[in-house]
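Listed next as structure tokens is one chain, alone, in the form predicted alone.
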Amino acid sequence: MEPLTWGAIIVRLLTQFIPVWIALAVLFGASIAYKRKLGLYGKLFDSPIGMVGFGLVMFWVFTGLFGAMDLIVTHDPLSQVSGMKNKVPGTPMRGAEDGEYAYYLLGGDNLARDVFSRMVSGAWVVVQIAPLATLFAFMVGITLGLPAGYYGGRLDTLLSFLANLILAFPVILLFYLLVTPEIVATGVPNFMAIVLFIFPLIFVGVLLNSRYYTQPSFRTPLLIGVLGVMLWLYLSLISEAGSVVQVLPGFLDLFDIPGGILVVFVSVVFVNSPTVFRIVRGLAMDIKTRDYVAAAQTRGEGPWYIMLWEILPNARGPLIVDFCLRIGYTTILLGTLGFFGLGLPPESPDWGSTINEGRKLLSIYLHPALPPAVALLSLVLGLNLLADGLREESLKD
């Protein structure tokens, strides 16, 4: 077989992404049709910048999702094919078997793995870790930032000091310390997970209790049911077979998180939480002086009700924008960690690791490092444009 021309490569790439194009068309069509009923999300489709950003983000979300379902990838991202080492894009495979894709569309890397399939699989790694890690960081920052800004005083001084202490550390140095094998062997990341992952339980428990405090017959079973499920998820997250923290038997453990991913996840949450804390604290200090907060205090509402149901909803605009931006920062951070070989296993298809492997031969071969670099750039650009669109629309409220 003859190598593919660039025109044929582009056509085949577009064809591989057909499930993504269909999903994007359905999502945009439904969203535009019902945008007047979808609140801030619907208003996003009045902003060209926001639509472009949302489209870029959802392209990689669907790519990661369908890639994990083997609907897009052409080869196993970890498999090595003899004779395909550092082959240029469009190189045909020798002796391809029936049902096997006959080309390396974006070439092969220095270990003869398919660059296209690794790029698609790397999207799934980012889509799983970055939003969840950012969400957990927000749970920590909101749970601590609201009382610090609302009460002030010694509580604010103590929490702000701890936040500034963490922020004073250089991020990369902090990650080097957390992922050092000697530190990992002591179980420090596992114990950090125990502390950090408890905050969603605290947040949801206080949120529901403050909202339904006057309805104990409804509140109590609701709390038991919701917190019971969340506690099971929490114990499954922190429990790791063969580690210093194994609190659930295997048949009850819902998640089998590799140690490297857990270390990276905990580290990202730990680094992002102080910044979120400072943002929430500042918003709480400003909003608590508003008239509607004084009216809630006059009605006799409790402090946590005021914080979670008066202050937090009125801070949602800046927090949603920061959430989108912070996913972008986290994506860059994950790429940086992969580039330095920290946390995730060396064979992981995450974009940072793939770029790091490709850069070693960058003066000779561009194709192993360029696709994941463009993917990382486009996802972060999409998140920034999405944040700009949300900010633009939220200011119109």
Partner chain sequence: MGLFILRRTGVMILTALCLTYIVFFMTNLFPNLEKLAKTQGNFRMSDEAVLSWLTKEGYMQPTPVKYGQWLGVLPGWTLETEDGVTGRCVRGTVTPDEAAAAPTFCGILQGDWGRSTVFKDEVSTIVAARLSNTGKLMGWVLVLMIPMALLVGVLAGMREGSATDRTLSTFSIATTATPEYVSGVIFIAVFASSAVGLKWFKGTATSAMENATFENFFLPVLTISLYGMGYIARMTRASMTEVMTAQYIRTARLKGVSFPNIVVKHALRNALIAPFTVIMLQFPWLLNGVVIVETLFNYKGFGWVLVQAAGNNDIELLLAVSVVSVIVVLVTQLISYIGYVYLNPRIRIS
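Predicted model only: the values in this text are computed from it and were never measured. Numbering follows the first chain given and starts at 1.
The following text describes the form predicted together with the partner chain, which does not appear among the structures shown.
Partner contacts here mean any heavy atom within 4.5 Å of the partner chain in the predicted complex, and among 355 to 363, 53 to 61, 36 to 44, 22 to 30 they occur only in 355 to 363.
Taking the partner from elsewhere, P170 is found to have a heavy atom lying within 4.5 Å of the partner chain in the predicted complex. Though the partner is left out of this view, A369 does reach within 4.5 Å of the partner chain in the predicted complex, counting heavy atoms only. For Q80, no non-hydrogen atom is located within 4.5 Å of the partner chain in the predicted complex, even though that partner is not displayed. Using a 4.5 angstroms limit between non-hydrogen atoms, F255 is distant from the partner chain in the predicted complex. When you look in the predicted complex, the only residue of N110, T220, T186, N314 with a non-hydrogen atom within 4.5 Å of the partner chain is T186. In summary, among the residues W232, W309, Y176, Y101, the only one with a non-hydrogen atom within 4.5 Å of the partner chain in the predicted complex is Y176. The candidate site formed by G335, L381 and R391 is fully in contact with the partner chain in the predicted complex, as each residue has a non-hydrogen atom within 4.5 angstroms of it. In this stretch, 24 to 59, the one residue having a heavy atom within 4.5 Å of the partner chain in the predicted complex is I49; the partner itself is omitted from this view.
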